[in-house]
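One chain is shown next in structure tokens, namely the form predicted alone.
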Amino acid sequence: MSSIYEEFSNIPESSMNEIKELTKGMDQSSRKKVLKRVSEEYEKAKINPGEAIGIITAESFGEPGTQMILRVFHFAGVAEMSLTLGLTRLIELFDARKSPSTPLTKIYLKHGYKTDVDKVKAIAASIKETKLKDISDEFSFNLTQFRIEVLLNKKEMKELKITETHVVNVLKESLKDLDVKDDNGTLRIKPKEKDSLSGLYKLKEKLKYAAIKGVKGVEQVTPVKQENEYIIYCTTDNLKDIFKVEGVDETKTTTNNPFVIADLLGIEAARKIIIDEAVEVIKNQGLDIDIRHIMFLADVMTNTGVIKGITRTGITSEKESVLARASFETPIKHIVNASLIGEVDNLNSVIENVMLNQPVPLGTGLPDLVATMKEDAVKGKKK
């Protein structure tokens, strides 16, 4: 069995392991057919030495990019929840912007949760950020006692599984300079140090937006049924706190912010998110770009272990060639800095050779010299 696999040594080890797993029940002849087909496809996928893959990738994005439109995707039934797509999103990804304009987390649930509607609703409610104003009926002033009184909505609190004790404890912890007491569903909140009337009014507005429960920054939560399970979409990239919620499957839950993914799950996971997000944007536009071009860009952005955008402060600033760096904005700065340290440009890439009107090291310009001589001529020369 091992000899069959040895015949196809050109197939990468990771792919070979997958083939071994998939062909377990096959006979030797069928297994060989699979290996032969995979080997052929792998050889077809290889690039030729000296092929201008950077230029081909740029063209592959540039031409369809001109046909892209600014598009916003709205989730059904939720007017406030939308996702930026199209060229805007693609620029965000490849510029490696720290925060997407519309952060989104796709939450998968564990077995025992993902098909139970009540449990899904409970998890969604525990994720959504609940503020004091969301569980209150009225905010009023008691000027004789110089305090604020908040009438709680017990029905709303029961649905969200929030108790009066929990509310009091959270407010005491987040607002240390306040004296908070519960009087049968009415909160009596008084500053420990007497303030002005305008100060009391500002305090009332601050209290309205005090966080009581849920993940910070999550304003919209939408459970959506896909095939046989429920998936929760929410407008945040606070993945760290979402992982702490009971019932959330940490192995599948993702966000559209590669930087958050890199911090929590590593640079390889961030690379995968960049690829997936770019593929999704291109597919939604009805365009077709070979995934290898997207993978190439994702590799360039993440190969140093940190995410770097395709910008003058990102991967362009790290090019080996001084002239290549100078060709992309701020040329004087790069040339002066190179002069100060006596930097040498070996002219190994495309841009610097174009600048100097020399053949570029691609295609037929890659080899320095190719000399061929017939065997008879060589023998004659020796005589």
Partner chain sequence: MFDVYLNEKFVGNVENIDGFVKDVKEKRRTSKFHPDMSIYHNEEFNEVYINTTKGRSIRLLVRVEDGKSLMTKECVDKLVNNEITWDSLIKEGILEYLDASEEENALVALDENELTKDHTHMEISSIAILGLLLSLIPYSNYGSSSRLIRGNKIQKQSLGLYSSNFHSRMDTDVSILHYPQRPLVKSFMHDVLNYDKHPAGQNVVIAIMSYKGYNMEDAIVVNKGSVQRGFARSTFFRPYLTEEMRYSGGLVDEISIPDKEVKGYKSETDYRLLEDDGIVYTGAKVNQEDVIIGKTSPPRFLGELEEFSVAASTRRETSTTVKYGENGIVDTIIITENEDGNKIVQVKMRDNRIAEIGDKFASRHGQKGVIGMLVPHEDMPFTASGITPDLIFSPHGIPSRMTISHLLEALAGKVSALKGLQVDSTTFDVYPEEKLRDELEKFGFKDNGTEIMYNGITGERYEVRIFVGNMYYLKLEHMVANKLHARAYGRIQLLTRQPVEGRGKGGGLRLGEMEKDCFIAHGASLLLKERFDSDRTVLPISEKSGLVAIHDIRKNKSTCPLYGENVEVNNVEISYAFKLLLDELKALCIYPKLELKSKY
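Since the structure is predicted, the reported quantities are computational estimates derived from the model, not experimental observations. Numbering follows the first chain given and starts at 1.
There is another form of this protein, the form predicted together with its partner chain, and it is not shown here; the text below is about that form.
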Picking from 59, 318, 329, 41, the single residue whose non-hydrogen atoms come within 4.5 angstroms of its partner chain in the model of the complex is 59
Though only this chain appears here, would residue 362 touch its partner chain in the model of the complex if you measure heavy atom gaps against 4.5 Å?
-> yes
Quick one: is residue 356 in contact with its partner chain in the model of the complex, heavy atoms, 4.5 Å cut-off?
-> yes
Heavy atoms within 4.5 Å of its partner chain in the model of the complex: does residue 55 have any?
-> yes
Residue contact check: residue 323 to its partner chain in the model of the complex, 4.5 Å heavy atom = yes
Going by heavy atoms within 4.5 Å, which of 25 to 33, 310 to 318, 41 to 49, 346 to 354 lines up against its partner chain in the model of the complex?
-> 346 to 354
For the stretch 319 to 341, return the residues whose heavy atoms include at least one within 4.5 Å of its partner chain in the model of the complex, in the order they occur.
-> 323, 335, 339
